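Considered here are two forms of the same protein chain, supplied as structure tokens in two stand-alone entries, structure 1 and structure 2.
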Structure 1
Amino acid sequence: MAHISELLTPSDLQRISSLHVLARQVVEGFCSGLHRSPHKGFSVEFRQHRAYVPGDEIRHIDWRVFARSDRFYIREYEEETNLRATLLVDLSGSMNYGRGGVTKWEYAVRLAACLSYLMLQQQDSVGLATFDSRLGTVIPPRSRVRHLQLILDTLQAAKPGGETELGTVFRDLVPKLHRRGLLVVISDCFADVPELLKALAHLRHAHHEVLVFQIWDRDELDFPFRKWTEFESLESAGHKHLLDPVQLRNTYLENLARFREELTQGCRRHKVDIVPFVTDQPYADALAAYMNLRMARA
């Protein structure tokens, strides 16, 4: 059984304790919390006046406004609700990469644990879905503190491997999400970009807010190899190639820049934040920097 202290250090917990994950769009839920619900009710907080129409209940007429204007107006309110978040964590083989340090998968697990702890601390609901070429374990969002243990145990037990098919996975996930909410994708996003963008558009069309936390190893960004090196596919067993990296470096970096630009621009079109995380940077600091920027923007 995993414990929060095995995944997050005391300094990590201290760093994130004052942060809040605030959705920029309305979210759907059922508990009192920090976020506004799209459901109109007649309790909690005043929203607006609107003109009375036949069929409205008389008890909702604002008689003070009537006394001033000689017109009938209804007082509308909106209820407060918590954020429902689902963490989508990539289990594909490429997440196993890490040369001499933490692997992308280990980094993703700690980042997911960090987010889960943070959301539950602010009484939001958090769930988990793991995936590679297909959807794996799906844990519906809950707001109970003990729910964190289930998420941690699931992350600790998971073993990355296999290929990636983000487009299919995201489309299969939509029917399992019964309420709109925040979806946080934690992945290296190594997939066909047009198909991935179509899947993200599908999630947005279902009125979910989507964040993509893209996990990188520094080697993938800098391609520091100088000597003949054997490169092995982590998603297709037996695919190994002995290559001179010096001859490949320029082409690799050009393709990388094209991939990142296409993905970034596509996410921007669909109003999806994509945030790079590199495994040699403290994830709590990187997360804090992004969340502070997000709150300032909200």
Structure 2
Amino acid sequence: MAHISELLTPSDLQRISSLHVLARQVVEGFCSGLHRSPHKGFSVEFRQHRAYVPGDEIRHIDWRVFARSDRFYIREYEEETNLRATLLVDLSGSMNYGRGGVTKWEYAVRLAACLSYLMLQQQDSVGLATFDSRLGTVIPPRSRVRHLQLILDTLQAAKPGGETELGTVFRDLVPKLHRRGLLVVISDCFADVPELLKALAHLRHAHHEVLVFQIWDRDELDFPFRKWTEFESLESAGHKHLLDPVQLRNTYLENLARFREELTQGCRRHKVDIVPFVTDQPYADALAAYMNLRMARA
């Protein structure tokens, strides 16, 4: 049976004001579709016995207890986390784009909330850092469930604006991450590609796993404008161009393809995972991408 989160698009979910509720809806919906336990393979510690119910795996039956009591009991374990994840959310002005639907920023915030919830559910430590041209709030990773509220509050309070300067931001961030872990960058990556790649390389050099969720708006990919249009920069006030988008579309799309290709190739070179997302895609896709990575690391 499909969970409600599978049926809702990001714009429907926008109406759910509480990030916590939203994150739970999405994550629970996502997990109910999984057939294999994500916990498998992690080091565990015995917590308690519970009565066997049909459907439990037979290999988890404690045969000693059965010998003593002639009843079936299942052994349950307390998982021990070994993942420290930090979500790096882009607060630059360009993230504020979105015509009539979800802006990229809103999409990024919800995505970050869902990921945090999922990670904490899995007993992982999760932290948060926001940035634009400079590093903003930094919340170190914790695995406590209460920690989620702090992250969600910080995300809700943040407002996008300013330019993107990923190189500086990532250099400043590295000393603040004391242990190596997973860095999930949620950004449109609208920056100078060599600079960005250099910054990612810096993170990799510090032995962090890096996963980039690149957020796109559908307009940025299709460039659907037909009339003469004045494009005004979201990052630099007063910076604008009046042009005929029909005439420009070809070259824009070629340029876009080149940009994406450079970025993808660069990330591959530095062993950085980059996953493009469009703001009309379900959040579950992002969670699936994360889980895939998580499984690969396991």
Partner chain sequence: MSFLNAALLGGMAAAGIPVVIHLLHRHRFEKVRWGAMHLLERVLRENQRRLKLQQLLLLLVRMAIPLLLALAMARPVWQAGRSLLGGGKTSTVVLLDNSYSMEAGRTGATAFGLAKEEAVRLLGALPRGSDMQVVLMGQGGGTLFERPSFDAGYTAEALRGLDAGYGTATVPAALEFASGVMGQMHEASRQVVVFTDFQRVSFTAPEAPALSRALERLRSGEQPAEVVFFDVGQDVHDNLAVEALEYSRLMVGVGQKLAFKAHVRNFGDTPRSDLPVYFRVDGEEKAAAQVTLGAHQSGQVNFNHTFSTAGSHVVEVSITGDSLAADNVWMASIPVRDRLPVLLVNGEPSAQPLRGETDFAEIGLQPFSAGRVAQADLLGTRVIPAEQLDAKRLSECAVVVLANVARLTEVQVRALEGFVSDGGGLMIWPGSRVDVAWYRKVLFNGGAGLLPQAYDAVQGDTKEGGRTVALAAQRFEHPALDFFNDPRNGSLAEGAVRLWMSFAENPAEAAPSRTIARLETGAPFLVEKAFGTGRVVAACTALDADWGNLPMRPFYVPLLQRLTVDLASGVETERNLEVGQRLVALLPAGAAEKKVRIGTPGGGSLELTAQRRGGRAMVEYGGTQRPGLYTVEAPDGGKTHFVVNAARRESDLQRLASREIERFGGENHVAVVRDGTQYQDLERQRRFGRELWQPILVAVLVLLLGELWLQQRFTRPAMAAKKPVEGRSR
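Model, not experiment: these values are computed from the prediction. By convention here, residues take numbers in order along the sequence of structure 1, the first being 1. Under this definition, the rigid core comprises the largest set of C-alpha atoms superposing within 1.5 Å between the forms.
- Only structure 2 is derived from the form predicted in complex with its partner chain.
- For residue 259, the Cα coordinates differ by under 2 angstroms between the two structures after the core has been superposed.
- The rigid-core alignment places the CA of residue 278 less than 2 Å apart between the two structures.
- Once both forms are overlaid on the rigid core, the distance between the two CA positions of residue 268 between the two structures is under 2 angstroms.
- Relative to the superposed core, residue 287 moves its CA by 3.0 Å between the two structures.
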